[in-house]
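Okay, so we've got the same protein chain twice, two forms, each given alone as structure tokens, structure 1 and structure 2.
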Structure 1
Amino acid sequence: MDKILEIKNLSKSFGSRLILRNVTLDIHRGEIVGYLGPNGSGKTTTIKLVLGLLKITHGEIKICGHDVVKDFETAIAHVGGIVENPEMYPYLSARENLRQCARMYDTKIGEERISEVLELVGLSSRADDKISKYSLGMRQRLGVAQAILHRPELLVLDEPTNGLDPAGIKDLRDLLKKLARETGLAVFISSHLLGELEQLCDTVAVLNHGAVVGVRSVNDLKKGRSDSLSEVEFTLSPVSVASDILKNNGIEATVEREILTARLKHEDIPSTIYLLSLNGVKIWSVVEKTRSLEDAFLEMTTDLRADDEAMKGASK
């Protein structure tokens, strides 16, 4: 896949305070990448650097191969972004707002493109209503329409679901998936709503204290490390015999409501099924319980939080 955004060894300081430390991250065409981290970890700072709103202290950012510092205008022409809340004229309609937005671009954006974008974000039927009549979710979708009006390769969003109700969040999620799938748009989105990013993103980058502590696909994160144990639920008979077999083979197992739950490595599940079958146990179903993105996030940041607490204790 084509690299749309390349961040290499990015650092940012404000005076003597180091905010970002050697952040490296790639985003490809059609990929949705979530940027996770606690408040104050440097997510918004990274996004402002990508959009050219802050000066880079060290490292480089390239958008479609163009350096944000050395070739800013060419690089930024490939980007659409929303930082915090999208701004618009409430006394104008959605269509009129997009016309005003179109005037800021060098390339000519006509009525056909404005109608196309309104259709993409699901606002065609309300295109001529004043923004003052719009819900927060509709305004957010119009903000996305403004950001993609000039056909960018990269869409950058900072906490876009703030203030949205569940329906609005789902609408935005469906819209971003549609744009990535149908237009090849690369999406870089920061958020602290782990459950939402779990349903939206292909990949997540976890940021903690200004450093990226992991970049992995959502599926891999939910599976866990190769050496981690998963809870595997067995529907089988006889349960007591199965439980004894597993425990005699050093496998932790519990029984509740005739369901046997064993703690196993993912790669050990087939051999465990074979062991039980070999001993006459009848198995009807096997379900491996996947981790949530929240579980993975906490696992990736626990060691760092423990180090922080130790440092605080030592300084007292």
Structure 2
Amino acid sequence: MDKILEIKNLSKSFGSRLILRNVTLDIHRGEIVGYLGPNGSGKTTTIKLVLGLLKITHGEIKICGHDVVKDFETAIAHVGGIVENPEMYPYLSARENLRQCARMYDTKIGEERISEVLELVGLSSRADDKISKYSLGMRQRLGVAQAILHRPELLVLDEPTNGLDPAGIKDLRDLLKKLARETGLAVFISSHLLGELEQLCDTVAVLNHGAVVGVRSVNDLKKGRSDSLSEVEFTLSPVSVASDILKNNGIEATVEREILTARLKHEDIPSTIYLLSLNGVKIWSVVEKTRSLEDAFLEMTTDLRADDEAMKGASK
């Protein structure tokens, strides 16, 4: 798969304060990558570095193979972006704002494309209103419109769902998925709404204290590591017999309110059901408890915090 964005050993410091540490990340064509991290972890800084708004202290960023520092104009021509709030000129209409953006590209972007993009983000009916009259949600949608206007290969979005209502969030999610699927657009999206990324992204990079602590597929994150045990809840009877059977077979099991919870590997679930049935246990339901992205995120960042504290303690 083509690499659209390559971030290698990226570091950024303001004076003596190190904001980003050796961030390395690749995004491929058609891939939607979420960028997760607590407040102040360096998400917006990374995005500003990708878009050339900040100067790189160390490392390199390439967009479609073009270095952002050495070949800024070519690299940035492949990117559309929103950084923080998508502020546009309030005294112009949405259409006029998009015309302003269109004139900044060497390739001709005509009125048809502008209308098409406005239609895509659902602003056609208000296209000629001054955007000072727009709600925050409408401005966000216009922000997305200006970002995709020139048909970029990479979309960089910093907290794009801010101010959107649930329907708006869903529309945006559907739009991004469609663009990624149909046009091969790669999307690099930061958000503090973990659930949002869970539904949108293929991959999530977790950032903590300026360092990427993990890059995982959403499915892996949710399930945890493949060799790890997940909790499986059984509704069955008799509970005490079932508990004994599992314990005799070396499986950890607890009972609470007539529900038996066993800690199993995902691939061991069918054989466990078979074992219980064979021993006359009646099974009404089996539920494997998957981890939410939030659990995974907290787990990863907590691990790192613990590591940090350990390091601090050692250095003392």
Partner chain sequence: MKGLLKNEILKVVSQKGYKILLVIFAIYVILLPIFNIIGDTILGGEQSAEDYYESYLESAEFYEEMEYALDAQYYRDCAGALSFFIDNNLEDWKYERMFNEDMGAIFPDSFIEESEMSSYCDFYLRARAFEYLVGGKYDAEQLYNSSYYYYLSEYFYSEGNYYYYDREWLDYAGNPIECPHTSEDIAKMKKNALEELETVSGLVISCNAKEILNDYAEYATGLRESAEHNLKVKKNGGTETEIYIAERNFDIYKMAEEMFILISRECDSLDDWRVGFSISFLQAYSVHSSYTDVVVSKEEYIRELSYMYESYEEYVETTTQGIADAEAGIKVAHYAVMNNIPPEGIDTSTKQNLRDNIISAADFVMIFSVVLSGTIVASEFSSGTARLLLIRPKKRWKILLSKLSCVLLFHVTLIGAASILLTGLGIVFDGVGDVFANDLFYINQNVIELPSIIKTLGVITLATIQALPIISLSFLLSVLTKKSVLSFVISFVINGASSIVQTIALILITEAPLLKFTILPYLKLIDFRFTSSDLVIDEIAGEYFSLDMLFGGSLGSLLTSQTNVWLAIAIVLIHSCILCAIALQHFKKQQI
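Structure 1 provides the reference sequence; residues are numbered from 1 along it. The structure presented is a predicted model; accordingly, all values stated were derived computationally and were not measured. Note that the rigid core is defined as the largest set of C-alphas that superpose within 1.5 Å between two forms.
Peer 1: Which number, 1 or 2, marks the form predicted in complex with the partner chain?
Peer 2: That would be structure 2.
Peer 1: Just checking, between the two structures and with the core aligned, does Ser115 shift 2 Å or more at the CA?
Peer 2: Comparing the forms between the two structures, which are aligned on their rigid core, Ser115 does shift its C-alpha by 2 Å or more.
Peer 1: Any chance the CA of Ser277 moves 2 angstroms or more between the two structures, core superposed?
Peer 2: Result for Ser277: yes, a 2 Å-plus shift.
Peer 1: After a rigid core superposition, would you say the CA of Val241 moves by 2 angstroms or more between the two structures, or not?
Peer 2: Moves: yes, 2 Å or greater.
Peer 1: Look at the Cα of Ala127 between the two structures with the rigid core superposed and state its shift in Å.
Peer 2: Shift of Ala127 at C-alpha, rigid core superposed: 4.7 Å.
Peer 1: Once the two forms are fitted on their rigid core, how many angstrom does the CA of Leu142 move between the two structures?
Peer 2: A shift of 2.7 Å at the C-alpha.
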